[in-house]
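Below sits a lone chain in structure tokens, taken as the form predicted on its own.
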């Protein structure tokens, strides 16, 4: 893939953003498929998905719902679908990884370390009567005492399941130690370069969204793997981090993820739709003479098995 190309990932819904936060969060199958198609038209080559309960929008590990989402998106676009195995901090590792052997996606997230993962400050923005669904308040407040578990044993199991399914791992790096965890897995033979890294920056409990921290991540990755052995993208959690950190990635030759999973604002005080976030980062990239990669280019660049070889 030419260096002027940029891989744009659209993370549509996640498991952290609650419906009360924004009127535009998609969680029903048809809404996710529509958002995926519009994001692909706007320049996203990868669509990152989580499953949600179809009655109340709560995060779900229901494989039937997951399958409906995957099939609906595949019917609307040829974009690469990256299935989340992060699920949510309330799910067990066994629940989170099931999407890989069940549906055999081309790409799936693989979180590289246990961590505190909290969004409890968001709950301060709302009164009890503001919430659309009963589960949301406890979901936000309860994250203050939540640990996102990703032990070496579970990471090994996730990688083994991905290898059997022909699914390429996308490594979610929330902190510098996660790079060292990944280097250990490379040494142990559970994964081989080139590696596809997502630097997740700005989550409360992980590395924060600053240029200093991004450069530290890159310096560490260069030492551990060599720049020829990995490709990288940036996630900036929250506003304005989504745009500041993704712009830094564009300038430094990396790639970018946007979407309502990570940030709900297009600009200060203006709620975004997923495709608008894609359009904005594509406009920013154009100012640096970088243009969106196509799904075909991404498949070749990341060595993916192709849409015809998935299980949905």
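Residue numbers count along the first chain shown, from 1. This one's a predicted model, so the numbers in the text were calculated from it and none came from an experiment.
One more form of this protein should be noted, the form predicted in complex with ligand KMH, which is absent from this view; the next part is about it.
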(message) ligand KMH is absent from this chain, but in the model of the complex, do 84, 203 and 262 each have a non-hydrogen atom within 4.5 Å of it?
(response) yes
(message) Just to confirm, with a 4.5 Å cut-off on non-hydrogen atoms, which of 136, 161, 106, 172 contacts ligand KMH in the model of the complex?
(response) 172
(request) Check each of 117, 239, 190, 232 and return the one that places a heavy atom within 4.5 angstroms of ligand KMH in the model of the complex. (result) 117
(request) From the candidate stretches 204-212, 223-231, 138-146, 109-117, select the single one in contact with ligand KMH in the model of the complex, where contact means a heavy atom within 4.5 Å. (result) 109-117
(request) Flag residue 50 as yes or no: does it have a non-hydrogen atom within 4.5 angstroms of any non-hydrogen atom of ligand KMH in the model of the complex? (result) yes
(request) Although ligand KMH is absent from this view, report whether residue 257 comes within 4.5 Å of it in the model of the complex, heavy atoms only. (result) yes
